[in-house]
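Below sits a lone chain in structure tokens, taken as the form predicted on its own.
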């Protein structure tokens, strides 16, 4: 019996690779398994190699895996590109002129079985030439003995509008695949063990972020489509109108943030979503939000840069831009979810922080999180609380008894009472220039000092519920691996592997609040240990951030990767071992 399976489908864009992968993933989810996915594709609409990777396990997993147990090849590139990732005893399914079962051996020394079939011809003989992918899915299901009924259920959902004939032909294709498996490769059938079906969601980081925003009371989004962030807007465009909200697809990235600032200024919880190039364009208006102390949430789903860069590839190189981007110094909070589940709750918290501290909050994602799906426990709506901070009513403003309300009043905590425009007893001025307490433009030096301190010091104590995740490995670690974003699952599995091999005792810190960095809480966890950051950028931006706040210069390194692909466990483990060997 199998307790897990790693599966991949590869082919040319436009051949249904994504839909085939998602259908198999959903089938595994409905069977009760925890599923993580990763899809690779090129920045073009059609053509070019793409693949969809799945790892399904009995227990929760956060990584789509290093290896492949079943490889479905819809083009000639899939096997050469992925042969070195095949696990021992893997099965490769591919198109050919006749049915053949052959033994193969990868350059890594791994033995595998090639199952070649004329998939197109078989589909045509069944009366549906487009059903070759369904036959291959049937073979995949047969190899792990997934109940055909689950696949059939999804077929009815997908093809319901196309009529019974289309539904039945696809069901026949799946059944034919199962029959071919039993007939030609019975020795390769390894059933998945049966697990209890739990209440879980299968959702992407973009969808979880959008969902968390909705639950937090976000009622306005203005954005410009950009990979890999577009799904935030797409999801909210369906859901926001149901609760009286609005989504505006605007003409450019600058309009995206400016419209959202205007909506937020009026009192609506508002956001904009983008990726690195878009964040670059938004930085002037970001500065305006900081200067005028208007709450706003910006979602930045990172991709390969700079400039247009690698639009459909993974990277984590916007950290410094998120923390320091825009001229001058403004208050801001920068968050970065470790998992898709965290993306939901952090998005919800972002709106509270924006209101409480009256500043921009940037929610970081990366392509590994944003565009890929994973099973997560059903979200707990009771954990989402709405806190509008010092937003006041007109009656409360009346108590100040001011003809011109001091919108930027100096207070002990630096946060001023915030009325909304149009309140009869809270008439005030807002400006992107430096201003005094009443909002009037001022270049007075004393006022400048007071206002700068007010704005920049008010966020010092900002803290989310879980600013970082910490696995202390029983409290006896020699080395601590530090990461951010979607590297969470890879680092967790690397530490497990290294500890099981007896290589070294390692612990893990995964930072979810990048600014202000919770250094007082982090410092005791890294004191006396070798600190190794794991990050997808060239300069080791996370390591640089830690070195700014902690005296770790002589006992810290960065493991970096910036080729557009996410880390693998084997890559991290290899580099950690090399660092240990060098150190000793």
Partner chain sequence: MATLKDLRGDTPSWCPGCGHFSIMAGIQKAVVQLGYEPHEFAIISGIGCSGKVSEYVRTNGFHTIHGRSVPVAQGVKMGNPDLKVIASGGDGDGYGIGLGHFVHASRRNIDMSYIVMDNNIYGLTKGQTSPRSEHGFVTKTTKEGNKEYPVDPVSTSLANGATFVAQAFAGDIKQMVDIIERAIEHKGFSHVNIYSPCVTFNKVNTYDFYKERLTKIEKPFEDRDEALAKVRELSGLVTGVLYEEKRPDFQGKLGIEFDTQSCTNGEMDEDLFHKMEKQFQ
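Since we're looking at a predicted model, the values are computed, not measured. Numbering follows the first chain given and starts at 1.
Another form, the form predicted in complex with the partner chain, is not on view; read the next lines as being about it.
Trainee: If you check in the predicted complex, do 215, 294 and 378 all have a non-hydrogen atom within 4.5 Å of the partner chain?
Mentor: Affirmative, all three are within 4.5 Å.
Trainee: Using a 4.5 angstroms cut-off on non-hydrogen atoms, would residue 199 count as touching the partner chain in the predicted complex?
Mentor: Yes, residue 199 sits close enough to the partner chain in the predicted complex that at least one of its heavy atoms falls within 4.5 Å.
Trainee: Taking any heavy atom pair closer than or equal to 4.5 Å as contact, tell me whether residue 115 reaches the partner chain in the predicted complex.
Mentor: Taking the distances in the predicted complex, the answer for residue 115 is no, it never comes within 4.5 Å of the partner chain.
Trainee: Given that the partner is absent here, does residue 344 sit within 4.5 Å of the partner chain in the predicted complex, heavy atoms only?
Mentor: So residue 344 counts as contacting the partner chain.
Trainee: Spell out, yes or no, whether the shortest heavy atom distance between residue 265 and the partner chain in the predicted complex is within 4.5 Å.
Mentor: Residue 265: yes, in contact with the partner chain in the predicted complex.
Trainee: Between the options 333, 178, 203, 151, which residue brings a heavy atom to within 4.5 Å of the partner chain in the predicted complex?
Mentor: When the partner chain is considered in the predicted complex, the option within 4.5 Å is 203.
Trainee: Consider the chain as shown here, without its partner, and state which of 348, 359, 514, 123 has a heavy atom within 4.5 Å of the partner chain in the predicted complex.
Mentor: Of the listed residues, the single hit is 348.
Trainee: Going by heavy atoms within 4.5 Å, which of 364-372, 279-287, 84-92, 459-467 lines up against the partner chain in the predicted complex?
Mentor: Within 4.5 Å of the partner lies stretch 279-287.
Trainee: For the stretch 407-442, return the residues whose heavy atoms include at least one within 4.5 Å of the partner chain in the predicted complex, in the order they occur.
Mentor: The stretch 407-442, when checked against the partner chain in the predicted complex, contributes 420, 421, 422, 423, 424, 426, 427, 428, 429, 430, 431, 432, 433, 439, 440, 441 at the 4.5 Å heavy-atom cut-off.
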